[in-house]
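Only one chain comes next, encoded as C-alpha cells, the form predicted on its own.
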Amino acid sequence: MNFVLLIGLVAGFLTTVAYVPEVYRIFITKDTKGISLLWLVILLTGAILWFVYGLDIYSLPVIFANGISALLIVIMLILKLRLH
C-alpha cells in the first residue's frame, strides 16, 4: 500500500467517524432540534456526488469514506424527519 493511499484512507476514516457521535447522540436523546434539515440535505448531496466521483476515478478512500458518510447522513436525516 502506498503512502498517499494510506493518507487517503486515514483521512476518509476520520472524517466519516466524525458523524458517529452525532448519530449516537440522536439515538440516545431523541433530539434533532439542533440539526438543520437543509444542512443534512446539502451534506448528503455532496457525499453522494463525491461517492460517484470516487467510482469514476476508482479511488477507494473516496468511495468508502463518502459511501459510509452518506449512509450515516441518511440515518440522521431519517431520524430528523421522524423525530421532528
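Since we're looking at a predicted model, the values are computed, not measured. Numbers follow the displayed sequence, beginning with 1.
Separately, the form predicted together with another copy of the chain exists; it is not shown, and the next lines address it.
Proximity of V4 to another copy of the chain in the predicted bound form falls within the 4.5 Å heavy atom cutoff. Under a 4.5 angstroms non-hydrogen atom cutoff, another copy of the chain in the predicted bound form has V17 among its neighbouring residues. Within 4.5 Å of any heavy atom of another copy of the chain in the predicted bound form lies no heavy atom of I28.
Among heavy atoms of L49, some come within 4.5 Å of another copy of the chain in the predicted bound form.
Contact annotation for 26 to 61: residues with any non-hydrogen atom within 4.5 angstroms of another copy of the chain in the predicted bound form are W39, I42, L43, T45, G46, A47, L49, W50, V52, Y53, D56, I57, S59, P61, listed in sequence order.
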